[in-house]
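Below sits a lone chain in structure tokens, taken as the form predicted alone.
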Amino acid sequence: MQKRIMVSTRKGLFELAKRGMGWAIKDAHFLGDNVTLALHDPRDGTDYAALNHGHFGIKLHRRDKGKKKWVEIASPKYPEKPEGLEDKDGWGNDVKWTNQLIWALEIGGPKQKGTVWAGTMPGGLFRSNDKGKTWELMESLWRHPDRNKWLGGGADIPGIHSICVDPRSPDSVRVAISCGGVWATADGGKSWAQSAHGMKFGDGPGADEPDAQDPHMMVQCAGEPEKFWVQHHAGIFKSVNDGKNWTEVKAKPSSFGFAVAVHPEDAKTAWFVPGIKDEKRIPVGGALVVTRTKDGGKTFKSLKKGLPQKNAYDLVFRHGLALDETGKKLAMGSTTGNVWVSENSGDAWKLVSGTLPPVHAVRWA
């Protein structure tokens, strides 16, 4: 049973716990530091926290089960760029072979204790089989010739922000890349293939080019693992055949957003946080809502009870919406430092704190 919520913010990692009838801040870690992401591993109780110290680089910390102290562990590191290699991204800019952000953290399969995956900017995928003591770059993806087509999204450099490890086989993994599409492996990372077919980025030339697609977040249904949802820059897409093909879904008040969550057993039920796209990244009409579909995207309901409906300018990042293992409890954090929890599938929300630093991510633990 997941009893904690880990909130990664611009100035620390905060742990929320249930107290009486509500939720409250129980503990704080790395105060003043930029914690970009956290992960709880239910297989052995380990917690991980990724930090971005800017000039001083990317750091990764681990806290073992039952321990209070966090220890620094190895951070995913790129190899030296070969001398004389011309390596440019889709914009024509030189690719820096340095870890600039840990943008995704996921555990491996149930029987792969100690295996953790990390997605980074500028597009490298790493795997550790020893709880972060050492990391292996997925060379087959990093050196794929199509990597140089990746453009990158808001950060203008490509990055892996979503990792889905198939519950049927830990060798089957899919990753989503900002303006790089969706990539899949069925052999544990030995080979990769583009899997964004059917996605469409507007109506201009090359709008349906898989390598140009900009998925903002991708999730896989654990109980129906052949089914996926993607919140894309240009809309909402779903796949019912292992990501081989994607179809667009329309939602109101907007199909634009960053976050998406899917029910662990029912793939037809999913949640999104809509906004106005591109340079107007705020809730539509200044009213914050969460949209939910229960019929695979045929219809959507705007869930707003307990959420601000006037003068609300909260932006919820990719990892700012999380669903617990029961499929009933949701946590959501915004760039304005607001954190809400719903214990009835989003029908009603309660504000936990409105004074936290900007929230990068929330995670049940």
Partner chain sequence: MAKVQFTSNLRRHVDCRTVEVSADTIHQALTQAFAKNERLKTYVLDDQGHLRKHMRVLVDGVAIKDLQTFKDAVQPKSEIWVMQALSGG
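Residue numbers count along the first chain shown, from 1. These numbers were taken from a predicted model, which means no experiment stands behind them.
Only in words, not in the display: the form predicted together with the partner chain, which the text now covers.
Is it the case that K329, even though its partner is missing from this view, gets within 4.5 Å of the partner chain in the model of the complex, heavy atoms only? No, K329 stays farther than 4.5 Å from the partner chain in the model of the complex.
Can any non-hydrogen atom of D33 be found within 4.5 angstroms of the partner chain in the model of the complex? Looking in the model of the complex, residue contacts with the partner chain include D33, since a heavy atom lies within 4.5 Å.
Taking any heavy atom pair closer than or equal to 4.5 Å as contact, tell me whether G108 reaches the partner chain in the model of the complex. So G108 does not count as contacting the partner chain.
G45 versus the partner chain, in the model of the complex: is there a non-hydrogen atom within 4.5 Å? Judged by the heavy-atom cut-off of 4.5 Å, G45 is well away from the partner chain in the model of the complex.
In the model of the complex, the one of P283, P76, P158, G181 near the partner chain [non-hydrogen atom within 4.5 angstroms]: Partner contact (heavy atom, 4.5 Å) among the options: P76.
N99, S239, Q220, S128: which sits within 4.5 Å of the partner chain in the model of the complex by any heavy atom? Filtering the options by heavy-atom distance leaves N99.
Which is the contacting stretch out of 307-315, 334-342, 49-57, 292-300, given heavy atoms within 4.5 Å of the partner chain in the model of the complex? Answer to the contact question: 49-57.
Out of 339-365, which residues reach within 4.5 Å of the partner chain in the model of the complex, heavy atoms considered? Residues within 4.5 Å: none in this stretch.
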